[in-house]
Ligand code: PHE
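One chain comes next, on its own, written as structure tokens: the form predicted alone.
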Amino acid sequence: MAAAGSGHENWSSRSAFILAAVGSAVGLGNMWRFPAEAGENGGGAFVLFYIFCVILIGLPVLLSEVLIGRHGQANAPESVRRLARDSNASEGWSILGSMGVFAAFLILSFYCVVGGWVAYYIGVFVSDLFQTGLTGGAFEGRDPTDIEGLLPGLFGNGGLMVGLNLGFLAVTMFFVARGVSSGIEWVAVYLMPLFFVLFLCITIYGAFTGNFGDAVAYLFTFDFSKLTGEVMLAAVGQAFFSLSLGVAGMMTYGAYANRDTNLGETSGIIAVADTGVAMLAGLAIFPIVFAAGLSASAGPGLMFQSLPIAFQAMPFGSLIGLAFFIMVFFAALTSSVSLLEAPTAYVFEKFKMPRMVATLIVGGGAAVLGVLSSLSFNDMAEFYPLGFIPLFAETNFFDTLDGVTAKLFMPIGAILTCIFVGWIADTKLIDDENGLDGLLHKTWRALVRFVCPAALLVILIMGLLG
């Protein structure tokens, strides 16, 4: 159903909007980055401060982005422009929407590379399942160093890396090209429930077969001596990135929300669900890792190297490993769909072209950057595109895209969003959209005006300082 006067489709229901927005937020940032960050930053101290940051920073910015989209009922730059015009402010503020759209495009191009890694491990566990059967541990008879070497082996195969990346991107494009109701919403309504079912099953499996007690103690024992400035900064950054803020996705999805949707309440549900998934990711991964006697501080290799080794010692290891990576694939896909939708919505609305054509144009551009990102692990490993800038002097193409978006576009976009919503946009228009009243409204406005910009500025400065 189209939104009145906008040509925009709407979500069929509030629950569809929530599932889609949760799917946008819940991705590799929860499944891969959160356990790695928690493992490297002291466990419980990091987790506690992370939850604190979600409430004080993530949620206020999330609500700000969604209400801009719902008010504008259009792509992100146009939604900002409409709110600015209705507030008698400069339409030049649309730049913050444009920055988000561009950031989403850049992130999509290397995000699909990591999505390809997930697809590769699905294939690995499917093959292993046929060899070992349902009940045995994964990779029977193989040396742990051999299992650990699967990821470096993938990195060394440029052709396979490119193929997996393009395959994951093609699946993402398929759903976005189908539109909101029959494509994006379908992914949310069907894949997100499947994701949560698999997630709960694997968490329960880890509780009974892994070292669940140590995992709980690790994640929820708060040793405040470990709450250093470095740990706090990591928690702030994780809370911000986990909710997919600063990349126009929430503005775009907010534009499809019906007028009777309470955005304050809905944003709270999204933030709680996203944080809950991050917590469950720790409770699903760490019991298995601890039971195998592996380190929690393995960093980014925790999911792709430590976990496959841990599955070797577990009953039904091949089956659970396969289910785990299918679950991660679902999470990655719902986020990549959001990343592609933001620039696609802009292109097809701005240039009045069919959605299919816009999807092919944006996806084609992402494919080019994705190929370069894939090759940066092998054939182009010594190509440093921004090597003349000290901050990016030794970063390959993949890491450069990651660094530019994470250290510049996302925090700057979020800071501008806070300034625009907190200080520039008409107060009555904002109050009509946010769904809050009383103390909650006053608290949210204070956070958006003062606390969030200050915290995001710290993220920006520390990121630039390396």
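Residue numbers run from 1 along the displayed sequence. In this text, the rigid core denotes the largest set of C-alpha atoms whose superposition between the two forms falls within 1.5 Å. As the structure is a computational prediction, the values presented were derived from the model and not from experiment.
There is another form of the same protein, the form predicted together with the ligand; it is not shown, and what comes next is about it.
Every residue of the trio 27, 111 and 339 has some heavy atom no more than 4.5 Å from the ligand in the predicted bound form. The shortest heavy atom separation between residue 241 and the ligand in the predicted bound form is within 4.5 Å.
For residue 410, a non-hydrogen atom is located within 4.5 Å of the ligand in the predicted bound form, even though that partner is not displayed. In the predicted bound form, the ligand sits within 4.5 Å of a heavy atom belonging to residue 335. Residue 247 belongs to the set of residues with a heavy atom inside 4.5 Å of the ligand in the predicted bound form. In summary, the region of this chain contacting the ligand in the predicted bound form, judged by heavy atoms within 4.5 Å and restricted to 28 to 36, 426 to 434, 412 to 420, 66 to 74, corresponds to 28 to 36. Residue 33 is among the residues whose C-alpha shifts by 2 Å or more between the shown form and the other one once the rigid core is aligned. Annotation: Cα of residue 50 displaced by at least 2 Å between the shown form and the other one, core superposition.
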